[in-house]
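Coming up is one lone chain in structure tokens, specifically the form predicted alone.
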């Protein structure tokens, strides 16, 4: 689970209620503080609302969930609190051949991994992160809610952090895109005419998309510990 802005809680509206995702490793006091920060703006909608508490794949947190549910009822007058159902494991069998122009154009999986060349005219969209083991040709388009990692040559148009995640990054072994955008920021200088093959990454710093040498800088220094994405 990816928690941003130092919050241990994520909140989204679902139907006639709310889906609350917790970081079960955070202290209960911190969770309650962050919940209050999010619910204060929506407290008029929280009255008698249904709330689902999601702790991902964590187990052994029944007491924590019970305490948070009681807290929500007492402070914000929510109606019904339940725990999210366990996610079913995904089948191991994968279809090897897909039509990029049709199947992946509307792909909505959280994480997408592709092996092969993305050709001109093809467009790939996914909600979170994408890993491409292959090249992205000029004329290809990638729109991703999270990070883009290209284990090959990047020559097409890429948009990471779509539409407003400025913390996303773009990494490629051979970085020569025609256009780069991260969140709401577009890279201005791409040095496309360089014949040098070098691993680079793009990120946003001080509201500017900067492109750096992957071997000289560390794009992951702000990630405190491994997490499931």
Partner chain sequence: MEGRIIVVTSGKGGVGKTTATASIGAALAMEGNRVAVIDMDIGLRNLDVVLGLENRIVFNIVDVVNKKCKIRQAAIKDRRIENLFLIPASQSDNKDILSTSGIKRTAKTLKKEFDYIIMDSPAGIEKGFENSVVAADEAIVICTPDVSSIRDADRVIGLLYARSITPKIVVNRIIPKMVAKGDMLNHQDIMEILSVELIGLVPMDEQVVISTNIGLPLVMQNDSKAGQAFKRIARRLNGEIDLPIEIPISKTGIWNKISQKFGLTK
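Numbering follows the first chain given and starts at 1. Here the structure is a predicted model, which is why all the values come from computation and not from measurement.
There is another form of this protein, the form predicted together with its partner chain, and it is not shown here; the text below is about that form.
Trainee: Using heavy atoms and a 4.5 Å cut-off, decide whether 121, 138 and 178 all contact its partner chain in the predicted complex.
Mentor: Checked in the predicted complex: all three residues contact its partner chain.
Trainee: Please run the contact check for residue 155 against its partner chain in the predicted complex: heavy atoms, 4.5 angstroms, yes or no?
Mentor: Flag for residue 155 set to yes.
Trainee: Decide whether residue 117 counts as a contact residue for its partner chain in the predicted complex under a heavy atom distance cut-off of 4.5 Å.
Mentor: Yes, residue 117 sits close enough to its partner chain in the predicted complex that at least one of its heavy atoms falls within 4.5 Å.
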